[in-house]
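The chain below stands alone and is given in structure tokens; this is the form predicted alone.
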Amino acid sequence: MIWRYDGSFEGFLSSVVQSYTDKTLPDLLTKSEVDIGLFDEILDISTNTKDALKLLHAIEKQLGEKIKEKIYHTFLCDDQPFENDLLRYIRLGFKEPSLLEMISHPLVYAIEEYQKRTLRTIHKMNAFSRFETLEDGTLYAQISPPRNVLPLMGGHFKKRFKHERFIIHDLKRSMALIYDGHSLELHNIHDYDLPQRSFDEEKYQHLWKRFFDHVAISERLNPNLQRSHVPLLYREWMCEF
């Protein structure tokens, strides 16, 4: 039995609720866009936001804020299938809360690893994201992180650019984090025109590239060391590269 959900966090939580309602566990829980075999038995899970919020409140009340955060961080680790492990982790927590403290438990260890991957990625994205100034003064950054960390980036950059307007655009997932100087919102972006840089932005990028090239000491060039500090994965939108 394969269960499919719409890929949203609410959809995943609705799947957890469904497992309690049906008193069963699927062989596979997966996003709706994943290819399914011709003869697989499939159940499409309807997203119920009300039930999802009830479950989220129950997680926070019975398992604590840290476990709730861990569940969300795991959900954002979307570069590999996590759903089966996370579904069983949540059920394990409600059944035996004390087991969630046992790192030796296979499920607990797996969720810890998912969370670490997400937190490592957001640390890198906070450091490596590059903003450009658009014609209207808005700061704009393009990213394509290996994991869906965009929802976690707002707080960091809101503190850094408290009095600015900015957009962080995740091209890989067609999402954008938009701050207008007051409120922070996450939007799906399915169609867009590439924004125009300001004239000064072009000049400053040119100056920065020249500085980056001239400050380098050719005799000490060490590409392997450079890659260990700034992996190739994160260089696509860094103007100095």
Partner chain sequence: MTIDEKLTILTESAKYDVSCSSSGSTREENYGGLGATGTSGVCHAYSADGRCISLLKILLTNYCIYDCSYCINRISNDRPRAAFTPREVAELTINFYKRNYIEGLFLSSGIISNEDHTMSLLLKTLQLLRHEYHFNGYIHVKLIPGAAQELIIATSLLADRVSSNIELPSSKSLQLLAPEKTKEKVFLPLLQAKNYALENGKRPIGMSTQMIIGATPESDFEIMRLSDSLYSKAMLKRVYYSAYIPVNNDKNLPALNVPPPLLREHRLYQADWLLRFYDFKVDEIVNEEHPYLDERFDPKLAWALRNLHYFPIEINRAEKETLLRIPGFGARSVQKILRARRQKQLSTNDLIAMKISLKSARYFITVGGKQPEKTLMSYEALEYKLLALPKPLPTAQPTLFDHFASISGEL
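Bear in mind that the values here come from a model prediction, so they are computed numbers and not experimental data. Numbering follows the first chain given and starts at 1.
The protein also exists as the form predicted together with its partner chain; that form is not presented, and the subsequent description refers to it.
Interface residue among Leu171, Leu119, Leu92, Leu139 relative to its partner chain in the predicted complex, by the heavy atom within 4.5 Å criterion: Leu139. Mapping the unseen interface onto this chain, Leu53 falls outside it, with no heavy atom inside 4.5 Å of its partner chain in the predicted complex. Although the partner is absent here, Ile2 is not a contact residue: none of its heavy atoms lies within 4.5 angstroms of its partner chain in the predicted complex.
Proximity of Asn126 to its partner chain in the predicted complex: non-hydrogen atoms within 4.5 Å are present. At the 4.5 Å threshold, heavy atoms of Asp200 reach its partner chain in the predicted complex. Per the 4.5 Å heavy atom criterion, its partner chain in the predicted complex is contacted by stretch 203-211, the sole one of 188-196, 203-211, 41-49, 55-63. For the partner-free chain shown, Arg220, Leu221, Asn222, Pro223, Leu225, Gln226, His229, Val230, Met238, Cys239, Glu240, Phe241 of 220-241 come within 4.5 angstroms of its partner chain in the predicted complex, judged by any non-hydrogen atom.
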